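Only one chain is included here, represented as structure tokens and corresponding to the form predicted on its own.
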Amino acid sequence: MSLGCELSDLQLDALRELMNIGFGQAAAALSEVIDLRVILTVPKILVLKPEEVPAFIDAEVEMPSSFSMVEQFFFGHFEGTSFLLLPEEEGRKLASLFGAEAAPLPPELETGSLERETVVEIGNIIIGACVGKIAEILKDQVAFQAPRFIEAPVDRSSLERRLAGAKDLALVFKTVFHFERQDVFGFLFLVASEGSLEWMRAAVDEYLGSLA
């Protein structure tokens, strides 16, 4: 059962706006890296139990055989674990964009090297910009561990095992990368304790009050 009631529609709308600001910064950084115009959008944001995440992804897109996945821990009043999850084919699209000027690589090398480095770099930029912007606007300070690529093959079963039994809640964002050449989509989700989400709710209310 969805836990969308944990945050009101107004609070979710405010978070979406904060994320769009963060994504704007991330898009500018990505544009500099690959010298292509990039637009990032956040069409969906939900609060779910972690074990509900695979079903949400399955409802958004036919579940691929595997994913590219980056994990990064963050610490502050709002703290938890962030994941950037890209269906395998979407990760390959990003790798081809980032490596467009490089000589072609064998598929096994591209997957093991270029794609991994690309996804980690993008994950670092997006997670840092988005979590950092939430913290900044909500008057928090956040620190990060270095992002890491999940080496083991990530499929639906392994994703379910990774999230099963977690007592935390997940803020789930579906994001779309609009590049000049093609669009790529992925999922960003932040798994945080209920206490962190309670802090976020109060901080968002204070932020909304400052706009009144």
Partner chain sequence: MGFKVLIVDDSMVARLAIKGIVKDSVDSLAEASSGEAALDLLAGGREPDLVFLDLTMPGMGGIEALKAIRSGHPSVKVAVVTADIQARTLAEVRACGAYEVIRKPADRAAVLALVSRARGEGAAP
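Source: prediction; values computed, not measured. Numbering follows the first chain given and starts at 1.
The protein also exists as the form predicted in complex with its partner chain; that form is not presented, and the subsequent description refers to it.
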item: Which of 25-33, 66-74, 140-148, 50-58 lines the interface with its partner chain in the model of the complex (heavy atom within 4.5 Å); value: 25-33
item: T41, heavy atom within 4.5 angstroms of its partner chain in the model of the complex; value: yes
item: Distance check, K133 to its partner chain in the model of the complex, heavy atom within 4.5 Å; value: yes
item: Distance check, E194 to its partner chain in the model of the complex, heavy atom within 4.5 Å; value: no
item: Contact label in the model of the complex: A14 to its partner chain, heavy atom within 4.5 Å; value: yes
item: Members of 196-212 lying within 4.5 angstroms of its partner chain, judged by heavy atom, in the model of the complex; value: Y207, L208, L211, A212
